[in-house]
Ligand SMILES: Cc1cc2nc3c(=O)[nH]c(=O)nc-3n(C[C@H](O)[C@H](O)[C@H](O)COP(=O)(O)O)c2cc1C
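Quick setup: one chain, the form predicted alone, written in structure tokens, and binding and motion questions come after.
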Amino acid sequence: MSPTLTDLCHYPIVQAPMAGGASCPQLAAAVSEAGGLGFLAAGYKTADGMYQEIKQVRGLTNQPFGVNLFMPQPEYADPAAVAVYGSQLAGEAAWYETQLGDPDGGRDDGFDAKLAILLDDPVPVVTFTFGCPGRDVLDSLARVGTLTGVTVTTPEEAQAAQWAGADAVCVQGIEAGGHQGTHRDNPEADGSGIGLIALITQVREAVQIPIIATGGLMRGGQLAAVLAAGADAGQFGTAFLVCPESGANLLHKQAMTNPLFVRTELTRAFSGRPARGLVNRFMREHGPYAPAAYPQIHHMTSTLRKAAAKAGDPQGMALWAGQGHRLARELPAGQLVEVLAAELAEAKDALGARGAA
């Protein structure tokens, strides 16, 4: 019987690939060493940058790990809307003493070059976000022994991933921090995502391949709940973001439990695609006016976000966070895996005791 993605880790605990620096080699290796499945995020990196990080992980652990790729995006943005938003951000550029980034910074994120490296020097797992690759891509990875997964936000997307030949789906609930991994960016559907438990149940009845559940998970008890709902593993992002091994900016880490940041919202303000983050000044002032234009808006605001971080101003940064961010624990990544596993075992024992009563 062929191995499944969840066979690669001792515990059903997956560290989410968080693009932007958090999912660095040190974090991925620590999670895999502790019995989870660590992930590198290739998004926003060059192909060579991705490969250098892969080599670093291999130098830190001999345990399986994964790499996540962003799918190339179709051209649908309205250039006029992007230009108008750029003019609205002129004051931000002046405030932070920088220039707006070039919105035409590329739509494919170096996909072909990254895929070529992963076919030439395979890793155990490759997953895809913002769409589903064709069967030819997934088959080519299968031929070199790589297991594959696709982020999905609806049962229909899960079925498309199964039909294309994916080995697993990462089922993302509306509670998840960072970008929603929808296959098509439909502005009319903003905010209409499905909660994780309901989505797992629907996807479980739609596909036969393994399910990795993600969205707001911060405790082992929640992991027990998603496993009971039909998932095969749980993926944790915000929970690992605050670990010392995480490459996230210190201001971002501190904001997770800072009482000044009390809630999260989905916004297009920073990237032009719906993403959940802590509500701050930038999100409040610009979110209502940001067009559906990814990755153009991402490229445009990249300089602003970097300048805000350099200035020590979290109010101008993209503070991606899931709905459970206040439950973040500043533990070493390996220790967090062990704690989550212990909480999972405790929750299962409690459920067993109740069932026997």
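The first residue of the sequence shown is number 1, and the count goes up from there. Computed from a predicted model, the values in this text were never measured in an experiment.
Form predicted in complex with the named molecule: not shown, discussed below.
K.L.:
Select, from the options 136-144, 232-240, 89-97, 76-84, the stretch whose residues sit within 4.5 angstroms of the named molecule in the model of the complex by heavy atom distance.
P.N.:
Comparing against the named molecule in the model of the complex, the contact stretch is 232-240.
K.L.:
Taking the shortest heavy atom distance, is Q63 within 4.5 Å of the named molecule in the model of the complex?
P.N.:
No, Q63 sits far enough from the named molecule in the model of the complex that none of its heavy atoms falls within 4.5 Å.
K.L.:
Can you tell me if H252 lies within 4.5 angstroms of the named molecule in the model of the complex, counting non-hydrogen atoms only?
P.N.:
Flag for H252 set to yes.
K.L.:
Does any heavy atom of L336 come within 4.5 Å of a heavy atom of the named molecule in the model of the complex?
P.N.:
Answer no; every heavy atom of L336 is more than 4.5 Å from the named molecule in the model of the complex.
K.L.:
Quick check on A19: any heavy atom within 4.5 Å of the named molecule in the model of the complex?
P.N.:
Because a heavy atom of A19 falls inside 4.5 Å of the named molecule in the model of the complex, the answer is yes.
K.L.:
Given a 4.5 Å distance limit between heavy atoms, list every residue of 117-144 close to the named molecule in the model of the complex, or none if there are none.
P.N.:
Contacts from 117-144: just T129.
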